[in-house]
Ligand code: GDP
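Next comes just one chain, in C-alpha cells: the form predicted alone.
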C-alpha cells in the first residue's frame, strides 16, 4: 500500500515522524508523501524525518494563535485551519495521486490543533481526491483531564463521520505508570508506528521470496470499507536468522524432521495471531463486534506455515464471529522478527470511547457551571452593595 500521510498538530506530526523512522529501520516504503501541519512554530521544528519543506505552519497571522499554538482550544484550531485552507491546499499540490492508494490523516484528539484542524483537513482531502481518506486519532487518557476528553469526544464525531475509516489509539491503555509523560508518549508513538507500517506496508517486496498468500492494497481497502472505528493488534517474536536463511542442516534434514519443524512453525503462527488479538489493541474493543478482520504475517519466509496461517484464520473467524477474514504473508528475508498485525474493522463495542463521552458530558456541565459562577463573582466584585454607582461608560 502507498499512502499520503498528513500529521495535524503536535501529536499527529510526531506519529508520522515515527512511522518514517520505522520505515527506514525495516526497509519499507509506505509513506509516499508526508506533511506536518501545525499552529506552533516550535513544534514544527521537532520532527527528525519529515522534510522541512513538508512542514506547514498555519495560524501565524491569527491573533489567537500567532504561531504559538491554540492552547488546546478546539474551536480556534478549526478556525485557523479554515482561514488558512488555501495554504493547506497548496501544500498538497505536489502529491502525485496516481502513486497513492489512500490518504491518512493523523491527529491527537485531546489538544486543539489536531482535534480542530484535523476534520477541516479531511474535508479538503475528500473534496480534492477520490481515493479513500482514513483517520488515525489518539484518544487522551483519563489522567489528562476533562477538557481533553471534551475535545476528543467532539472531534471524534467529526473524524468518524468524515473519514472512510477511523483507527483509534487509546493513551489510557498504553501508558506505563513508571514512565514520565514525555517518555510514555514517545514509547506509545513507536508502538503505534510499528503496528501501522507492518499492517499497511504489506505487499511490498525486499528481494525475498514472493508471498504465497499475497496481500495488497485492495485487501486493506476492502477490510476498511466498513467505515466506523477500527483497532489494530500486534505481536512479534525473535527468529533465528541463520535458520531462517536456510543452511546445510535445513537442506540435509530428513522428512520427519521437516514435518516436525512445520508443526512447530504452525503452532508459532497460531500463537502469535492469538497473542496479537488478545493482548493490547490500539483501542480496547470486543473482538466479536468487528465486521471484518485482516491479518498480516511479516518476517522471513522460511518461518511461514500454510497450515499455521489457515488455522489462525479459522480461529479468528470464530472469535470475531465473521467469515470476512483475510490473511496474507509479507516476506521480509532480512527481518530478525516474525510479526503478526491484525486489523479489526468497524468494532462497535469500545468501552473506552463510551467512557470518554461520559467524561466529556461531565466536563461540559462543569465548565458551564464554572462560567456562570465566575460571571456572578465578577459582578459581585465590581458592583457596590446598594447598587448606587453607575459605570463611566
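Positions refer to the first chain, counted from 1. This structure is a prediction, so every number in the text was calculated from the model and none was measured.
Below, we turn to the form predicted together with the ligand, even though it does not appear here.
Undergrad: Using a 4.5 Å cut on heavy atoms, which of 158, 270, 189, 124 is close to the ligand in the predicted bound form?
TA: By the 4.5 Å heavy-atom cutoff, the listed residue in contact is 189.
Undergrad: Of 171, 231, 165, 298, which residue is found within 4.5 angstroms of the ligand in the predicted bound form when only non-hydrogen atoms are counted?
TA: Contact check passes for 171.
Undergrad: Residues in which of 108 to 116, 220 to 228, 281 to 289, 124 to 132 have heavy atoms within 4.5 Å of the ligand in the predicted bound form?
TA: This holds for exactly one stretch, 108 to 116.
Undergrad: In the predicted bound form, does residue 345 have a heavy atom within 4.5 Å of the ligand?
TA: Residue 345: no, not in contact with the ligand in the predicted bound form.
Undergrad: Find out whether any non-hydrogen atom of residue 308 is located within 4.5 angstroms of the ligand in the predicted bound form, and reply yes or no.
TA: Judged by the heavy-atom cut-off of 4.5 Å, residue 308 is well away from the ligand in the predicted bound form.
Undergrad: Is there a non-hydrogen atom of residue 185 within 4.5 angstroms of a non-hydrogen atom of the ligand in the predicted bound form?
TA: Answer yes; at least one heavy atom of residue 185 falls within 4.5 Å of the ligand in the predicted bound form.
Undergrad: May I ask you to state whether residue 101 is within 4.5 Å of the ligand in the predicted bound form, using heavy atom distances?
TA: The answer is no: residue 101 has no heavy atom within 4.5 Å of the ligand.
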